[in-house]
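This document opens with one chain alone, in structure tokens, the form predicted alone.
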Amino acid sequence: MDRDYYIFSNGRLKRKDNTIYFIDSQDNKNSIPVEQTNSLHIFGEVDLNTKLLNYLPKYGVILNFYNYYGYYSGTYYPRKKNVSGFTVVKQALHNFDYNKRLFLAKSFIDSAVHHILRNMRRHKEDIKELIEKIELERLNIERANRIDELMGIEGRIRKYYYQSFNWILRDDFTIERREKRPPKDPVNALISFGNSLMYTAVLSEIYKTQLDPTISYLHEPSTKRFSLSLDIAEIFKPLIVDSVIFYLINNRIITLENFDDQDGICFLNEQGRKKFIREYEKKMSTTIKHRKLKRKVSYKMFIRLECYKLIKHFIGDEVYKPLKAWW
């Protein structure tokens, strides 16, 4: 399986002949095997040469950039090889038809709520009332007639879910409310950092299929963002990102010393990012026996399978059924 590489140091990333090298600020030189690379995640200040940018598309390697605080800022998305005008037209038609769009938007939210409740039920003795509130809100998903109404339901569910973190997480980790821009406490910093990684992971898997990442259903298609990644990421954030957060905190792998606070912005320092990514990659490579395929499938591959299911739905082969973890 191709792997992701994370660059935390400052330096230069370049192509020389048919090899990629990263040279850090102390002139240490490391080669990166491009043929086994899925994505590069750049957290440091890194210079690039055009030879590199012309070389990466040959292998479909995506470059993801993160800002000083470790939060996602952009992607170098190579020219797609897997293209199908037929699929893109069908994908777009499911956006133009409001009922079809609403069906998909509801599917993403329902799957996310399934995984949210799955996380919460492991601590049900302490958060029974919050679980009941979410279960009541879940009934409204099917009744919703508009996307904005659905987003309102999802917002209330997430509010209850994040309240439950104060019972699920141990030690000094608490959350008052979800704050994205910017995160102001360690729990919000972890959620934002993890969601950034999930967003880029979904984009990377979409790239390997014939889907257009800009045509979405729950999130409004817009310029300057790959909104289908946001849609599909809803399914996997509670399943993967939040599970990693719970594990890291409750096993005291990440502590308050792994965070910095600057100008009111709370963010993981380099050591904290490395700890998070180590556990996140471990989770992504964990395999589960797939009930239908009858073989082991990694969490990462489940994202790609979700893309394939959407394609089958668009072309009329099979009605989309979002992932609902059964294990």
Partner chain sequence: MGIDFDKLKVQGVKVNYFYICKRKLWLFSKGISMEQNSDRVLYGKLVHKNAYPRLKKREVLIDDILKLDIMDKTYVKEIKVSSKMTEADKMQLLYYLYYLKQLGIEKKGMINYVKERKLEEISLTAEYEKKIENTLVEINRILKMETPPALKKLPYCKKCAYYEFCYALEED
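Positions refer to the first chain, counted from 1. Computed from a prediction, not measured in an experiment: that's the story for all the values here.
Here the subject shifts to the form predicted in complex with the partner chain, a form of this protein not shown in this document.
Put simply, of 195, 111, 210, 214 only one has a heavy atom within 4.5 Å of the partner chain in the predicted bound form, and it is 210.
In terms of contact with the partner chain in the predicted bound form, the residue from 180, 100, 170, 90 that brings a heavy atom within 4.5 Å is 90.
Taking non-hydrogen atoms only, residue 21 never approaches the partner chain to within 4.5 angstroms in the predicted bound form. Although the partner is absent here, residue 311 sits close enough that one of its heavy atoms falls within 4.5 Å of the partner chain in the predicted bound form. In the predicted bound form, none of the heavy atoms of residue 256 sits within 4.5 Å of a heavy atom of the partner chain. When contacts are judged by a 4.5 Å heavy atom cut-off, residue 304 counts as touching the partner chain in the predicted bound form. Between 42-50, 290-298, 63-71, 22-30, the stretch whose residues reach within 4.5 angstroms of the partner chain in the predicted bound form through a non-hydrogen atom is 290-298. Of the residues in 76-109, those that come within 4.5 Å of the partner chain in the predicted bound form through at least one heavy atom are, in sequence order, 81, 82, 83, 84, 86, 87, 90.
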